[in-house]
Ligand code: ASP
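Quick setup: one chain, the form predicted on its own, written in structure tokens, and binding and motion questions come after.
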């Protein structure tokens, strides 16, 4: 029997002071939902799903309702979930009508021979397996309409500077958990980048990039500038460091340093091993995070060096 633990993140960027409270509220609600399941004896898969669903439904984050709009003014969502015990994974990409993409990702993991489904095919699979659909307009909020309009009015050089800046909003959400049976799971969900080209898929839903879980190594979820994270397969890189004997706290810091050193990338990472040791690291101005254990919940908006477990 293992002592259960849940770690969540709600994005790594320059979270402004007037959005801090909303992020903290969302993190606390996600911790409560995930921990209630985990503490009641549910699987790590169930816990990460419950935690991420809450953040997909919370407008503070770039996942589900409130996500960034693509260049056509629509929301396209990506999500992945992975089981550390079996290495089974399920992901969806470029979906526009699945109310909670992480629920659809779990359906793919458990009820499909495939790992990844995209676009209308993913939506059809989700509907056939009981995951609710909705109109794309239900994901769109005035804040994001205004944000897209302002961004598209900028010059090309101004757009590039903003897009590749650590201050750019990256509110991708994720969770990792260890259950009483000693199994790990990870989940990541996102609306992607602002003004992205329709059809673009980022790191969040790609196995080994934004999400990975292996009982023999670690469970990981990343957030940040997706293209560099994809090029480095950063989630698997960090997990492999843990498998080689590096403590998750140091492996998380190493992963973010590697991201910066190799590709000048920015972002954050949460990492949890089967002993219940965790690490949180980022190189952005702030990162929203939270942990839940039998000893209680902790949450915060970390400014610089992140807490290490």
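Model, not experiment: these values are computed from the prediction. Numbering follows the first chain given and starts at 1.
Keep in mind that the form predicted together with the ligand is missing from the display, and what follows is about it.
Just one listed stretch, out of 193 to 201, 97 to 105, 179 to 187, 118 to 126, contacts the ligand in the predicted complex at the 4.5 Å heavy atom level, and that stretch is 193 to 201. Interface residue remark: residue 62 is counted as part of the site for the ligand in the predicted complex, having a heavy atom within 4.5 Å. Using a 4.5 Å cutoff between non-hydrogen atoms, residue 90 does not count as a contact of the ligand in the predicted complex.
Although the partner is absent here, residue 224 lies within 4.5 Å of the ligand in the predicted complex, judged by heavy atoms.
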